[in-house]
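Listed next as structure tokens is one chain, alone, in the form predicted alone.
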């Protein structure tokens, strides 16, 4: 069996830990049973960051699969013994494009299909969030489109909005890493009422703009006051890269997830925007690469049985 899981960006400025957006770069995972008596797990990896992806039981895909199997009981766990996982990663690996979320969501989705546990996508999302710790990237990977997440007394509610307006995402990944733990630690525990109101205004207006197909509104609805002003310090040359992207015609500029990848929305001039960001990063001492992507409205899916 083979499944395909989209990458994602999250937060989209003001939607901290709330918004996810699925993108058309993918993680492909195939699972085969080697022999009836095989006991050891086998994992092979190709693509971006293959040297950093675990090939033992700590692998995030396998962790997602085992979380589903444990819910089913001993027989389900035993059925994963001796499995061969083949992982092909098309998601840039420097951080910020939902690689770990895709791996966890992909493992959960694959196990549900393989073991025929008949979980709904909402139930799969609950399992994925319990492993990932936050819903934005895993929800985008499972549901596709723009995902809007909220909790009610610990219960996650997720809505997926399908984006039909032509819109590009120009993502630029500098070749260094920002640890998510570090990116969270740098955030203040309290913010001003004014900043809180700004984010409430912007995230509500951002979702409304996506629904209405009003791409021009992305110029102001993507502004954040909760996390980006602080996380920018972890990305050398951030202000220069931002200016370069906007001067080149980008509609917006934001940190993707916890970074260090940054991205811009655009409807034209995508190559010019990407090259401008790469040049600005280089002027600040860091190599980078850019990708021009589009929104993926379909979430995780089986492509081969």
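Values in this document were obtained by computation on a predicted structure and should not be read as measured data. Positions refer to the first chain, counted from 1.
Only in words, not in the display: the form predicted together with L-homoserine, which the text now covers.
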**Q.** Answer option from 77, 84, 225, 134, heavy atom within 4.5 Å of L-homoserine in the model of the complex
**A.** 134
Q) 258, 41, 246, 66: which sits within 4.5 Å of L-homoserine in the model of the complex by any heavy atom? A) 258
Q) Would L-homoserine be touched by all three of 11, 16 and 184 in the model of the complex, meaning a heavy atom each within 4.5 Å? A) yes
Q. So which stretch, 24 to 32, 233 to 241, 250 to 258, 66 to 74, is the one near L-homoserine in the model of the complex (non-hydrogen atoms, 4.5 Å)?
A. 250 to 258
Q) So in the model of the complex, does residue 180 come within 4.5 Å of L-homoserine, heavy atom to heavy atom? A) yes
